[in-house]
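The chain below stands alone and is given in structure tokens; this is the form predicted on its own.
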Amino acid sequence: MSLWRLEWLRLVRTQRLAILGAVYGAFALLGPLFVRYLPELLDALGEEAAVLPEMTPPDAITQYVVNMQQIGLLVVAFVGAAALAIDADFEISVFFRSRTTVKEIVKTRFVMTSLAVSGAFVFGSVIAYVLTGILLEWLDVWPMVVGVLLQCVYLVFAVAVIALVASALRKTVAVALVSVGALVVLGLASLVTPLAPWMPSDLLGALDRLIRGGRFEYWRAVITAVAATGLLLVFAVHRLDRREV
């Protein structure tokens, strides 16, 4: 059995793929429903809906994106850590290391995990887009497509960060939590104005800005994210290859 098929089976049989799909799918449903029915909900509770700003179709997508950046990213961190913490279990680590190279293990798990988390986000985005169109108004499709692709670039970068952390730590929970912390710190670094356009975390707001009519100004963040992803993976493989089991 090839490593690729084995990793696919691990994603399916451990229900990691189902968890990703369920989390992103649920957020995609809640966003448009929240925006569409919030005034009615407030009226039912006896609250005054007029005090709220007018909710627009882009707000439905924004709700989905915000949830993705919070709980969704935490789920990604644990799914990624479960795959890339290759030395978390001694017996399994010895089994794989004795049959193939660390480079092949990391490459396979990185690619499959990246496809899984990106696919889950695309899945949720399609649901959010269609439901927003049905309940509110149809948004222009191309800004949506470009924004989703940019978010996927960030998710792949996030998986590379998890791989690097896994090269320093062994336990799955520790890898996941430290990875989230590292991504949060990188996000805070983007608050520094001169650095912001170059930070991968700038891609997190791309979808929201583009569907609201913003211009495409993300080439620098994409270049940084792609270059950093490659460097992080090279460094992670080097450290894992040299680490004693």
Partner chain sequence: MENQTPHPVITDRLTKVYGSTVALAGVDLTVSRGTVYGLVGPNGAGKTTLLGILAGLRHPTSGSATVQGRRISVLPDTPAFDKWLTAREVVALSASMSSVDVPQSRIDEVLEEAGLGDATKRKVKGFSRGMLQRLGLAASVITDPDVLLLDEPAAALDPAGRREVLDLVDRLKGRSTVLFSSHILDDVQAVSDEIGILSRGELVFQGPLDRLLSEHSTTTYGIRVVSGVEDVLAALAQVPWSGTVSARGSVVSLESPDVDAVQRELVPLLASLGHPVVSIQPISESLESVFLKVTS
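Positions refer to the first chain, counted from 1. These figures come from a predicted structure and were not determined experimentally.
What comes next is about the form predicted together with its partner chain, which does not appear here.
Contact flag, V94 vs its partner chain in the predicted bound form, heavy atom cut 4.5 Å: So V94 counts as contacting its partner chain.
E137: touches its partner chain in the predicted bound form, heavy atom cutoff 4.5 angstroms: Contact check for E137: no, nothing within 4.5 Å of its partner chain in the predicted bound form.
Non-hydrogen atom contact L9 with its partner chain in the predicted bound form at 4.5 angstroms: Yes.
Contact segment among 119-127, 69-77, 98-106, 143-151, judged by heavy atoms lying within 4.5 Å of its partner chain in the predicted bound form: In the other structure, the partner sits against 98-106.
Partner contacts for 12-38, taking its partner chain in the predicted bound form and a 4.5 Å heavy atom cut-off: The stretch touches the partner through R13, T14.
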